[in-house]
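Okay, so we've got the same protein chain twice, two forms, each given alone as structure tokens, structure 1 and structure 2.
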Structure 1
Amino acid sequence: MSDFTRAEVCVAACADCYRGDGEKLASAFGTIPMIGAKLARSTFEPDLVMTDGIASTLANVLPVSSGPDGKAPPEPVVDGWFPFRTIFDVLWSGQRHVIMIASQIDRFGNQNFACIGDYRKPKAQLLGMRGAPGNTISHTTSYWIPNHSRNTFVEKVDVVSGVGYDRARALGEASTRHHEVRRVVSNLAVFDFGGADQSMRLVSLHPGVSIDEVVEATGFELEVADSVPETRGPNEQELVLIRDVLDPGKARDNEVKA
């Protein structure tokens, strides 16, 4: 690997999920996706909308961690009133792009973070449905998976929390109007849904990762693009932003080890 870490490659890959979105509400769950969204807003997607998580939009981009110098983070600069009722208007009109985490995901992008096993007597109770059904039907969704394994990339999810391409098609036009599962970023590689019948396809490998390693860690037959490049690393400007501005405390390394 070059002078950037695997975690920083994952940050850039998550930022690239937002490329071309313009003035959309960016939401991200997980440390690396949050840094990625802020990196996109700070560089190639300056019109992305970010909130304080309560009821305001922000004019500035806040870090996800503090540096070792103990310097206080910048104060949020509020530039708009964004109450809960307005957020739903944005969500239902397709003007949001969320990156969620998946405990299980299948080849068509059906996602589960509700429970493991039969829902009537689960082996493990997880988050539930939360906003996943509405998210996946109403606007663009991508996924972040920090530990790529056969337990996560499964042939069939135990419970459908987020809707994939096959189910959205079966539900009809009203469910496909804003439905888009754009990318899956794992700690090994990046995937889209350009395979047969909009199934998952390997599109890039993180530095130091082989196709065989990804196939071995995937529990379904994975389509592989004709040419699989290396996932890009952050450029010099992006590295400075990640290390000095957005995550000086290196919280990213807690999610993907350096």
Structure 2
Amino acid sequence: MSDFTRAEVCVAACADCYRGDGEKLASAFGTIPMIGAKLARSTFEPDLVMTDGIASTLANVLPVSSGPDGKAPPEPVVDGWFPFRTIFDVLWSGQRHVIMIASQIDRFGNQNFACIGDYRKPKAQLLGMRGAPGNTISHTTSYWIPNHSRNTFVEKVDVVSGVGYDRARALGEASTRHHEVRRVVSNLAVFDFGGADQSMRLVSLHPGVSIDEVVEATGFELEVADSVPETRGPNEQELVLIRDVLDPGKARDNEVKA
């Protein structure tokens, strides 16, 4: 059965980033990663800890959108107080896995969402460094890139907000032991850092996408795994969760066109 959309494949791929994490704080930015994290929590990683996006952790999973039927969403069940200072404590302690967005990413996973162009007088000021430097040197990080192109997958990022493998390695063992860029999920494919010198490697293609298409849209020489399977689609149970429970309002389709 392949009766699912590209957006839903991306949701499952983001959920899979969290596989094996257990009792960790799962943070996710972007609509599709957020649904993905909730999907992981609702299925194979029930111990993941998630916040309400404000200052509480929740014992239950709330949807990212409400459906057309106007059914009231479930009441939040608060099980912890997580103001920003607590988030910082947890992230520096390493007990977190974040999916961040990258405006640019290079082959070693150096990420930029700070600004484009010269840092002192940027052509475009974006989000800034935000928490990316601390996140990437403290705990597991994955990335979500909704528009895979040569503008996003670049030879060299303009500013390094998130630390990649070459830079972490240069810092030595004390830093590399906390550094993990696990996966990159784009609207076209999934990548890990199993290439030479921990460089980016294509590990699966979303249904209907070819290797050539990905290579064409990537601004650096991409390592391709020996066999590149199709990215899995959500199974029946996951599809029901995505469509009826987590995102009945189809917010996912605004990020990746179905």
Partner chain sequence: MTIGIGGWGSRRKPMSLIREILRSDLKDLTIVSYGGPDVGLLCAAGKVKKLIYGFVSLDSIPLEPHFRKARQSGAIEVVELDEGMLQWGLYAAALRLPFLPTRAGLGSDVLKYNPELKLVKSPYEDGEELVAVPALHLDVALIHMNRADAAGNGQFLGPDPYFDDLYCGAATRRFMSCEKIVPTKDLLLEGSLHTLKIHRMLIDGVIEAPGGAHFTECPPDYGRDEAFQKQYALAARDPDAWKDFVAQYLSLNSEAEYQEAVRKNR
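Computed from a prediction, not measured in an experiment: that's the story for all the values here. The term rigid core refers to the most C-alpha atoms you can superpose between the two forms while keeping them within 1.5 Å. One-based numbering along structure 1's sequence throughout.
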- Item | Structure, 1 versus 2, that is the form predicted on its own | 1
- Message: Please determine whether the C-alpha atom of Gly53 is displaced by 2 Å or more between structure 1 and structure 2 following superposition on the rigid core.
- Response: yes
